[in-house]
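Single chain ahead, by itself, as structure tokens, in the form predicted on its own.
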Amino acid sequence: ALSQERSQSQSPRSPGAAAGAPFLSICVTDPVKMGTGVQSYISYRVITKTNLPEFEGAEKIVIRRYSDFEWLHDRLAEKYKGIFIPPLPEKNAVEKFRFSKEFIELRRQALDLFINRLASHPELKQSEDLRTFLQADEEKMDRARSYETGIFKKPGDFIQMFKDVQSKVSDVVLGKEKPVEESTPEYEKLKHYIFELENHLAEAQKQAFRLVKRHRELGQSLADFGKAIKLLGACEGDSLEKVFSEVGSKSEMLSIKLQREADNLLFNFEEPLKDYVRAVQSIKATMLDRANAFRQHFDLDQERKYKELNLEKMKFMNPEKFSESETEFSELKAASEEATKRYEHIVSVMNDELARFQEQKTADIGLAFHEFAKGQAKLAKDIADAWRSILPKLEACSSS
């Protein structure tokens, strides 16, 4: 199946690799419904096989649910600024489809792809949070999640949150101008490309969804037609019954092939396109981090320049306060330099990430379209062969 090919294309070496070569192989499998009513959810077995020394053993099996994957995603997004964190499948689903076989398999496939992308990323695969996710028992996992979601938040976090809110309120009240934004020809070109890519991918995914729907509708119509034509033949009797029965059987056979091709389109064509729509949204989230880092760098740099001028004046006009102001300026200068480093780090990492993204996108989308064309060609041949095989009998019937 293509879903396996896509996961493997993102994965590092497997246990079948050359002897002694480092590998980290992860599989998300065995979805099981847990609980009842509104408290129900799907759990998954996450199987890790590796020979990396930082892991506890050669094989580990843990039980995880969607919110555990979400915790891992959010932790990585917070720690690894500039990196395109692989996307998760959508959190919410229409209630009546939430536990359908199709939805569960689509989500399992997407979660498997997510975790294997992490495992194949040169930076993310070294994350302590990833190792916790892959190895911790359920009690330790719950404890890690509780700590990070705020139950044990440090007082300093609340102080910073208050300052952030206070700053935003002040901006609104004082009617400050819109914060300055990074604007270079190269970055403007990148932003334009990302927004265009998102729009075109979303449109392609929408049309792929329509293709899936049309295949299913045509498959159902052929099944219904097959039953109807068999009943018509039975009513007619004689030679017509045999010919109409064969037409009906061919219709029902083609109905099954169309339904199978609809499933193939859903999992191996529409879903990869949807996955890349989500991937572009991850890039946009990184661009937002870059924008915030640039504003902080710019604001602190401007403030540093302003304070530096004031400090020179104070040296002569108010010597008794000069020492205190000099200390404050040193702290501001250090903060400004740190903000500049953060911004420049994000820019550097993003450049590497874009190269990786383009290479992987070309491979994944190319594979999806190859499988689409191959499936359509086979379906067209099966349909042509089926109808061609009964043409002589239909011609004989019509000429008699």
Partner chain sequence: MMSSSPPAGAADGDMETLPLAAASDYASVASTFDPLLSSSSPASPPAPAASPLSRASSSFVDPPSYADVAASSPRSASASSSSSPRSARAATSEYSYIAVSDPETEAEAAATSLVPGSAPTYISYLVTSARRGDHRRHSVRRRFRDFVTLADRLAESFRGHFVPPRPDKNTVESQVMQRDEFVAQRRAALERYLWRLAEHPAIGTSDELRVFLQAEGKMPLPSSTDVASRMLDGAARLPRQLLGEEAVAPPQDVVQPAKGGRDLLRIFKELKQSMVTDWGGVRPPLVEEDKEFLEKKQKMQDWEQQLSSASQQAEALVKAQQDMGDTMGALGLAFVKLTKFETEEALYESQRIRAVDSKRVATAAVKASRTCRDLNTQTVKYLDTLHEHLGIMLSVHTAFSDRASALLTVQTLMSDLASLQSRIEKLEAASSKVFGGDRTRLRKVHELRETIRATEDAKCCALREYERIKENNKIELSRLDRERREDFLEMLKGYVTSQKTSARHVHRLHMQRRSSMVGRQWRRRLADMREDHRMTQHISLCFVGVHVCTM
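For clarity, every value in this text was computed on a predicted model and none was experimentally measured. Numbering follows the first chain given and starts at 1.
Below: the form predicted in complex with its partner chain, not depicted.
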Does at least one non-hydrogen atom of residue 235 fall within 4.5 angstroms of its partner chain in the predicted complex? yes
4.5 angstroms heavy atom contact with its partner chain in the predicted complex for residue 369: yes
Given that the partner is absent here, does residue 264 sit within 4.5 Å of its partner chain in the predicted complex, heavy atoms only? yes
Indicate whether its partner chain has at least one heavy atom within 4.5 Å of a heavy atom of residue 54 in the predicted complex. no
Testing 369-377, 62-70, 36-44, 334-342 against its partner chain in the predicted complex with a 4.5 Å heavy atom criterion leaves exactly one stretch, namely 369-377
Residue (of 312, 299, 217, 181) lying close to its partner chain in the predicted complex, criterion heavy atoms within 4.5 Å: 217
Sort through 328, 102, 308, 142 and report the residue having a heavy atom within 4.5 Å of its partner chain in the predicted complex. 102
Going through 269-286, which residues have a heavy atom within 4.5 Å of its partner chain in the predicted complex? Please give them in sequence order. 269, 273, 276
